[in-house]
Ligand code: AMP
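Only one chain comes next, encoded as structure tokens, the form predicted alone.
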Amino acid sequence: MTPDRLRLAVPNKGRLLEPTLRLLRDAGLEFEDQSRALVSHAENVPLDILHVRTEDIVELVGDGVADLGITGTNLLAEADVQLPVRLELGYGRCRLEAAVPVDDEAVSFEQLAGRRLATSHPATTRRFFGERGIDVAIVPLSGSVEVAPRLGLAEGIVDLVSTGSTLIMNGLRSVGCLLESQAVLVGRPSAVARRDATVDEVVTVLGAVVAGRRRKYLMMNAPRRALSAIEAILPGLASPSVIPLAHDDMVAVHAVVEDADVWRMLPPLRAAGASGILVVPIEKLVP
């Protein structure tokens, strides 16, 4: 590694590894897949990719060893380090939830007062309940948190939940969510001046990929008389593009829309007179 090259810390294992490498490649970064090594060197950008434990990324960025890092919101909260979040990346979504055995009477956080709660996120849990004046005893565990009630180690747990199936399998149910988490790109509190431009370039390109994944490009033909009805259905980045076709009474309409809204829009667009509707993925989008 050289002083003039940007350093980006990424997970070397776990659920964030594959989607992170996919994001970097979709952004156009060219590098060998050396996730088992400490460093990969990007060939087309002055960038070194540091493959490290996800749990260490917050500290590495905070200490200035890395300029940028990709980690989870939950780990940033647990470290209680104030790092600028440059981008929310939209993958690795999960929730930090409090849970109790299914036959327990507790249905609110307040009813957990006086309980022992096992968790691998002790700082976040302690801060959450402390801010609400709820007195709980924290039992720190590094793994297998969900079995703590059965072993008599605790009366409840605070653990990461994606689908909730692990809770069900262990005879637990959620009491409530402490924190929503996803993968984020964090940066150093104070960047090195000579690398500022490269930092901005990386953030812009990664952000373009993330923005593109959240949207779709719609193309359709429609009678000119249907334009008002179609425009009312299409909330997008801006007014849709309207392109005249060979027949005077027909136009092509192009628009960028939120991915989550696409399937809701298709029936009313068709009913308004649109035809030949194409839904196209967007590789990159700079708003």
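Here the structure is a predicted model, which is why all the values come from computation and not from measurement. Residue indices: 1-based, along the sequence shown.
This protein has a second form, the form predicted in complex with the named molecule, left out of what is shown; the following refers to that one.
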Study note, to complete from the structure: If we test each of V205, L179, L160, A106 for a heavy atom within 4.5 Å of the named molecule in the predicted bound form, the one that passes is L160
**Study point:** Which of 147-155, 89-97, 133-141, 107-115 lines the interface with the named molecule in the predicted bound form (heavy atom within 4.5 Å)
**Key:** 89-97
Review point. Is P267 a contact residue for the named molecule in the predicted bound form, using a 4.5 Å heavy atom cut-off?
Key: no
Check your understanding: With a 4.5 Å heavy atom cut-off, would you call T54 a contact of the named molecule in the predicted bound form?
Key -> yes
Check your understanding: With the cut-off set at 4.5 Å between non-hydrogen atoms, does N74 touch the named molecule in the predicted bound form?
Key -> yes
Check your understanding: According to a 4.5 angstroms non-hydrogen atom cut-off, is R25 in contact with the named molecule in the predicted bound form?
Key -> no
Check your understanding: In sequence order, which positions of 17-32 have a non-hydrogen atom within 4.5 Å of the named molecule in the predicted bound form?
Key -> none
